[in-house]
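This document starts with one chain, in the form predicted alone, laid out as C-alpha cells.
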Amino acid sequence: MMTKFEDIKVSNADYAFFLAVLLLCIIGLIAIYSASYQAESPALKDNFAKQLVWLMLGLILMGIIIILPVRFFWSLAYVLYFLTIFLLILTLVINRGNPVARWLPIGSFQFQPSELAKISVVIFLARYLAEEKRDLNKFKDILIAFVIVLVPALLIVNQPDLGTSLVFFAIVLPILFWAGLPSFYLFIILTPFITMISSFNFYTYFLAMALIIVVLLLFKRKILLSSLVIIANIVMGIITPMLWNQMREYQRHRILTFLGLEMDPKGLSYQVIQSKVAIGSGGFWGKGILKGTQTQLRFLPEQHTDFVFSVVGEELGFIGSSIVLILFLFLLLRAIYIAAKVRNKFSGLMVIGATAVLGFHIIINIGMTVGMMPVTGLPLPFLSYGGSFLLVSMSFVGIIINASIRRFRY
C-alpha cells in the first residue's frame, strides 16, 4: 500500500511494535480506572475519561509523526530546541517565587515544557551527530553534544525536577555510542560518575582511582592525556561532597533512603513500603480488578501516576506484572532492532534517543516501585496518568514507526 503524502510503503511499518504499545496503553487504562474508582475527589474520578481522551490525541499525534518525512525533523531540529529553551526559561520567570515551577498555563490547561524538551533534545542531538562534518575523535564535538543536553537539564533542575533532568543524561551516552564514539572516550566520560559515587568513602575512592589508572595503562594513550583524566577525577572526588552539601534536603533524603542509609517509614519510605506490600500481596494471579485492598483503600500514594505499576502488581499479580515487563522488553529490543536496520543515520539516532528516554523511564519507575531505585517522580510510559507525558511517549512511538517505514532509505 502506498501513501499519497510520500512515496513510502506503509506495509513496512512495524505492526508488532505498535501492538505492544497498544496493549500497554490498555493495561494502563485498566489500572488508572481501578486506581481512581474509590477516589472521593470528583477530579480524580475523571482520570480514566481524561486519560482516554489523551490517548486518542496521542494516537492522532503519532499518526501525524509517522507520515512526516525525515527531512521535516531535520529542518525542525534547531527551531524546536531553542523554542524549548525559551519555554523553560519562561516557566521559571512566570513561576518566580513558587517552590515548584514546572508548568505554563495555557487557558484552562497546564503545559510542561520539560516534556517537550525530551523530544527536542533527541531530534537536535541526532541532527548534530548525523552531520557529515562531525568527528567524534575531536573533543570539541563531544563537548558540544554534552552542552546540548546540559542546558535544558540545568533549567529543569531549577524548577526543581531532579528526576526529569536525569533523563537528558540518559539520552546522550546511547546516542553518542550509536554515532560511533570510540570506547576510550566512552571510558573517559564514565569515569567521573564512578569517582563521584565512590568519593564519599576514602577506601572506595582510592580503589576507584586505582582501577581508572590501570585501565588507562591498558589503553596505552599519551601520558599528558592520561594525566589530565586522572587530575579531572581527583577534582571530581573533591567537589562532589561540596555539591552534596548544596543539594536540597529532600533530594539528599531520597538518595540516603535509596542507599539504605536512612529510614523514613512515615515519609519518603512510606511510598516504597506501601508499593512493595501491594505488589507482594498480589500473589501469582492477583486479587482481581477493583479488588486490591492497598489500591481501593488508598494506602498507596500516587497510585494512578508514579506507582501505577504497583496497582498492576496487586490486582493482576505476578502474571499481569510479567506481561507488562515482557511487553516493555519486547518494545525496547524491537526499537533497537529497527535502529540497526535503518539506513539513514539521522533517523537511526532519533530512534536510539527515543528508546533511551522510554527505557530510562521504564527502568527507574519499575525499579522505584519495588524499592530498587530512588523515588524520582518519573512516570511509567503508556501506563501512568498524565496528558503531557503520554503525548511525548506516543510521539516517540511515532518517530520509531516512522523510521521502520523508511528503513531502506538513506
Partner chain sequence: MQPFMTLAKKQVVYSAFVIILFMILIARFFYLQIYKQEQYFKASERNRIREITVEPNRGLMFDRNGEVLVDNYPSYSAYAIPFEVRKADSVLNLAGRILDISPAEIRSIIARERSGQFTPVKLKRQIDFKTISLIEELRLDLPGILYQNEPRRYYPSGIRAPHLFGYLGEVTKSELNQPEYKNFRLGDIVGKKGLERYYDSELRGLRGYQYVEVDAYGREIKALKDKPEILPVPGRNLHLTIDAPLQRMLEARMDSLQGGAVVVDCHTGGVLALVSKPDFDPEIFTKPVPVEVWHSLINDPRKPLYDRMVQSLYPPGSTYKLVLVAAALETGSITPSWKAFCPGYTWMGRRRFDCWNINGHGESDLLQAIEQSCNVYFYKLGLKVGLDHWAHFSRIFLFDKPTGIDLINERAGLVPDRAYLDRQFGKDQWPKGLIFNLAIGQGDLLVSPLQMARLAMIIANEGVYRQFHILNYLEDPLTKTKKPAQVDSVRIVGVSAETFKIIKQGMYRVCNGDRGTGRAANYRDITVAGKTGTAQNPHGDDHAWFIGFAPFEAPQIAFCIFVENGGSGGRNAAPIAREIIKNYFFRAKTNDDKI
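Residue numbers count along the first chain shown, from 1. Computed from a predicted structure; not experimentally measured.
From this point on, the text means the form predicted in complex with its partner chain, which you will not see here.
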In the predicted complex, which of the listed residues (G283, P192, G288, P160) lies with a heavy atom within 4.5 Å of its partner chain?
G283
Assert contact residue (its partner chain, in the predicted complex, non-hydrogen atom within 4.5 Å, options S198, Q274, N233, T91) equals Q274
Looking at 234-242, 112-120, 288-296, 81-89, which lies within 4.5 angstroms of its partner chain in the predicted complex, counting heavy atoms?
288-296
All of A145, V149 and F408 with a heavy atom within 4.5 Å of its partner chain in the predicted complex
no
Verify the contact flag for V229: yes if a non-hydrogen atom of it lies within 4.5 Å of a non-hydrogen atom of its partner chain in the predicted complex, no if not.
no
Applying a 4.5 Å heavy atom distance criterion, does P99 contact its partner chain in the predicted complex?
no
Can G180 be called a contact residue for its partner chain in the predicted complex at 4.5 Å between heavy atoms?
yes
Whether A208 contacts its partner chain in the predicted complex should be assessed with a 4.5 Å heavy atom distance threshold; does it?
no
Residues of 361-379 having any heavy atom within 4.5 Å of its partner chain in the predicted complex, listed in sequence order:
I362, I363, I366, G367, V370, G371, M372
